[in-house]
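In the block that follows, a single chain appears as C-alpha cells, in the form predicted alone.
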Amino acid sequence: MPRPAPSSLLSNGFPEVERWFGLLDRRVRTEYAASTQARAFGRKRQSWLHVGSGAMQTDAKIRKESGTESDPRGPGCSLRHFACEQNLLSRPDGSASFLQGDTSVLAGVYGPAEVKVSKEIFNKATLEVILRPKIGLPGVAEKSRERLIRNTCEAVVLGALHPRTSITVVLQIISDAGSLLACCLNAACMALVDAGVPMRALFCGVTCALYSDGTLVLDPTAKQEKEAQAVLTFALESVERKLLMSTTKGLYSDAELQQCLAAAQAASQHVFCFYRESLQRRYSKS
C-alpha cells in the first residue's frame, strides 16, 4: 500500500492542524509584508528628508547645514539651498542625487570598465557623458551640455591611471528650475567621488545672471535667467579656484565678465564646504 503524502495526512486525518498551519502561514506572511512595507517607508522617508524640499523643517535644516543662506555681497547674490545623497543606485559604481533649490539631477558613474576597441585610447581612459532630459529624447541643448561636462571632467580626472578603459557618467534631469548646468556639474562631481574615480581636485558649477542695471544674481532660477541680460556658468576646481570651463549667453562687457568670475569663485567656497560636510556626514563613524 503506498504511503500517503504529508499533505494528505493533514487534510484527511488532522483538519484542525491544517487550519492552524494555514492561519500561522497567513500571519507570518502578513507580518513580513508589514515589516517590509515599514522598512520601505522608512527608506523613502529618509530619502525624502535628504532630497526633497517640500517640508519646511527639512528645508530650513538643509539651508543651515549648507551655510549658503546669506551672502555679504547683497540680497540677490545668495545661493539656494543644497542637498545631496550618494550611493542611491545599485548598478552603477557610483551615484549621487544633487538638489539645488528646485533643480534636481541624478548622476551615475560606470567604470573604469572595459571599452570598445573603436573608442579605446592607449594612454588614458575614455570619458563619456550622457545627459538625459526629463522627458523626450536628447536634443541640441543636451548635446552641448554633455560636451561642456565632459571637458570639465577630463580636466580633473586622472585618466592616465586607467588606460584603455572607459568611464561613463550618466546624468538624468529630474527637475529644471534654473542653473541646470551647474547642478549637473555638481551631481557629476559627487558621483565620481562616490565611484572612487581618481581626480586631482574636486570641481563645482556656479551660474551667474547679469541684469541690464548691473545687478548680479548667483544661482538664478529659470525665471531670473529669462529676465537677465546675460547668463554665465563657470566650472571651478577646489585647489586654487582655477577656471576649468565657462559658457555664456547674452551681452556683457569684459569688466562684467571679471565681476561674475570673481563672484563665482567666492561662491564656490560655499559649494566645496557643502561637499566636505556631506562627505563627513556619510563617512563619519558616529
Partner chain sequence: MAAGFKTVEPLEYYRRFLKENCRPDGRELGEFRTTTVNIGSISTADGSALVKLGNTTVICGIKAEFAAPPTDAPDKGYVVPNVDLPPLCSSRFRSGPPGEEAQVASQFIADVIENSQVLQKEDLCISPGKLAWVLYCDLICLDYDGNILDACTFALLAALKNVQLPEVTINEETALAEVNLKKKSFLNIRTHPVATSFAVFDDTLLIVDPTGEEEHLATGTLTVVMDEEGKLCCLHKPGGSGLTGAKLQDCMSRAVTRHKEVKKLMDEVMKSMKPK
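Residue numbers count along the first chain shown, from 1. Note that this is a predicted model, so its numbers are computed, not measured.
One more form of this protein exists, namely the form predicted together with its partner chain; it is left out here, but the text below deals with it.
- This chain is displayed alone, yet in the predicted complex one of 166, 152, 86, 104 has a heavy atom within 4.5 Å of its partner chain; that residue is 152.
- 140 is the sole member of 113, 140, 137, 158 with a non-hydrogen atom lying within 4.5 angstroms of its partner chain in the predicted complex.
- Contact with its partner chain in the predicted complex holds for none of 238, 263 and 273, as no heavy atom of theirs lies within 4.5 Å.
- Just one listed stretch, out of 167-175, 142-150, 191-199, 89-97, contacts its partner chain in the predicted complex at the 4.5 Å heavy atom level, and that stretch is 142-150.
- The closest heavy atom approach of residue 249 to its partner chain in the predicted complex falls within 4.5 Å.
- Remark: residue 224 does not count among the residues lining its partner chain in the predicted complex, judged by a heavy atom distance of 4.5 Å or less.
- None of the heavy atoms of residue 228 is located within 4.5 Å of its partner chain in the predicted complex.
- Among heavy atoms of residue 217, none comes within 4.5 Å of its partner chain in the predicted complex.
- Looking at 233-247, the residues that come within 4.5 Å of its partner chain in the predicted complex, counting any heavy atom, are 242, 243, 244, 245, 246, 247.
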